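Shown next as structure tokens: one chain only, the form predicted alone.
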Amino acid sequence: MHSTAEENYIKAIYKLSGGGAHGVSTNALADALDTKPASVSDMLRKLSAKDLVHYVKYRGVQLTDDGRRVALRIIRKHRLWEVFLVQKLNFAWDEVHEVAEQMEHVKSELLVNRLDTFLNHPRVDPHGDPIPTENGEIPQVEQKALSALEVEQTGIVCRVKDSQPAFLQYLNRVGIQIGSHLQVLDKIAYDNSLEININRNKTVILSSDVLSKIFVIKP
């Protein structure tokens, strides 16, 4: 069993490393977890002793294979709970992240697997992020950032990269959600913003920052 604090560190390392693709500095981890580098170093030594991370002082940290499996289990629980909250308890997609942060630390794998079955094995969470399988496999979908579309090209929103309430509330305001049909009408060269038509009935201008956080698939 791992403590809640240990699981939070493992998940943060996984996310900061791009799923384990590269190492993470203690300063980056301290910033992400809003704590002191000295506290990070102490925790990394504990995780290293449990063979969950490879940690060399001043050279950063990487997850071991065991650490990556733990991270994927945590992420699986988090995203399944988000689906449950939206589909069964009528939470909005901007309300679920903090609640799921608490529920992801439930230890019972039996409960999680039955939750998955109850929800009919969803492949993505309400924000479009893939849900790892029980075996730690992550479904892959060919997608691209909305910012990569050219004028007159279209796409269907399949994922949003930022799950913070303020960003999701902004998308609610402009009328974008998972499944929205988008078409690029024009590109503003000055700041790389795009004029976007939403579901063939509304036009908005989106900044490059917003565009980079919205991912689409081909219609």
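Model, not experiment: these values are computed from the prediction. We number the residues from 1 along the sequence you see.
Although not depicted, the form predicted in complex with the DNA is the subject of the following passage.
Stretch 51-59 is the contacting one of 177-185, 64-72, 51-59, 163-171, since its residues have non-hydrogen atoms within 4.5 Å of the DNA in the predicted bound form. The closest non-hydrogen atom of S39 lies within 4.5 Å of the DNA in the predicted bound form. The DNA is not shown here, and in the predicted bound form it never comes within 4.5 Å of any heavy atom of N197. Within 4.5 Å of some heavy atom of the DNA in the predicted bound form lies at least one heavy atom of T35. Within 4.5 Å of some heavy atom of the DNA in the predicted bound form lies at least one heavy atom of S25. Annotated contacts: S3, Y9 and M43 all touch the DNA in the predicted bound form [non-hydrogen atom within 4.5 angstroms].
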